[in-house]
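Each of two forms of one protein chain follows alone as structure tokens, named structure 1 and structure 2.
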Structure 1
């Protein structure tokens, strides 16, 4: 009985925090939120006729795609730049500290700071652009769909691009120097050195970064709620904000539960694809 007794606490904790809420969510999605009457798949069928749900799904896809692409490309580029140009240990330590600051900033605080910066009347961004002569009138950053999406993306990139940078920089440190020197002796330039020597060491790490960042961006809530509240209109009302509105503003918990299971299905498919590709990369 000893092995079972040792395993029991984490299993019970997992059941209490994950399995029970999931089962309760499934049961809730099959009932009417007002009467508690069993309605079967009615809530799921309703989702297919809900244009706001598909609008939030589309907005989430745009946000996740741009956030992942920007953070990975920018973080990888900065990691290569620092790795190849800065050799001083003190300089690298200072860069590490500066890049840790956004990561430890609470998302709500980041949203408040960004809201002040993007304010049309006294925001530092409009003031700076006006001083440089780039704009004649104030830009309503949070009142137009395109600029509002840019604003929420900029906060996510500022806060989590450093995570990509640190992971990629650590991966570059693991590349054997003798292999790099041999490639340079053979005439490999900067791009070929990255493509054929450094990138193979970074592939598995990049896939892990994609998995982690996909998880975070897919469930983004805090700074978007503070910055735009899902507006203007529904241009930044991502799935997490839409589910929050359905559940805690309209109190339609059954429909929100059904939508959350749709989200779970979409995320599971994405994770299955990424996990399969990641397993292949690690195996190679």
Structure 2
């Protein structure tokens, strides 16, 4: 009896603060927000004729795939590099701290920092590129769709490649020494050692990283809001930013609620994947 009595208050709280709002969202999505009348699936049907929604979906797709690919490849490569070449304990601690700090910086501040780096009149990136002789006219990073996408992506990679690195580095250190030694004696070096000995140990951690990074890039909001606000045009208006605009600029909460159920469905799939592949690590 007691265990159920103890978990009752948290369960009730979550019912009130999570389940109720989600149900409320479904109700919202079936209405016309202004008049309050029931409109059935109209808000869902509307999404199919909304070019801005599809533009936002495409931008999110671009963002998620570039961020995931870059962060995972760089993070993994860096973990291997440090694992193979840096032996001294204090150097490793220093590297740890170096990559730890950006990861725990609030995303809004990361956006502010990027603003200080990319902006046309105060940014240093243009100055550095000009000094190196790579450009001779200023790049207006935040005013062109392509470079603006690059800028918001660069912030994500800057902040979260370290997370991939730290997870992979910890994973590499958990590979048993004698397994590595045995492989070396058998003549496995470099790539083969990684492919056949270390990668199998990392596989489930990499899946975990993919799910976490997918979840967070798919919902990205904070630093984009500060850096580009979704612009120029709608080129960096990712799903969270688009829903924000519909709900809180146009005050069409019903349409936003309908779209948010789509976002929820995608996030649920990510969570289901996590449960399936990582039963051991997180299911227990």
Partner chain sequence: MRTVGVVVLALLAVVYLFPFYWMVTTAVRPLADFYQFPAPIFPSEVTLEPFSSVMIGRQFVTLLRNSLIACLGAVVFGIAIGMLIAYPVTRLPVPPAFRRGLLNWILSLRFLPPIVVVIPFFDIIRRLGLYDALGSLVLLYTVFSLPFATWMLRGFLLEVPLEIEEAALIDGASRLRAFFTVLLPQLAPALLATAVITFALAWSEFMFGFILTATQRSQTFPIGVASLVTQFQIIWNEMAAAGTVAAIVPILLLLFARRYVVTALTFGAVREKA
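Take the two forms, find the largest set of C-alpha atoms that superpose within 1.5 Å, and that set is the rigid core. Residue numbers count along the first chain shown, from 1. Everything numeric in this text was worked out from a predicted model, so none of it was measured.
- Structure 1, not structure 2, is the form predicted on its own.
- After superposing the rigid core, the C-alpha of residue 20 moves by less than 2 Å between the two structures.
- We note a C-alpha movement of 4.4 Å at residue 271 between the two structures, with the rigid core held in register.
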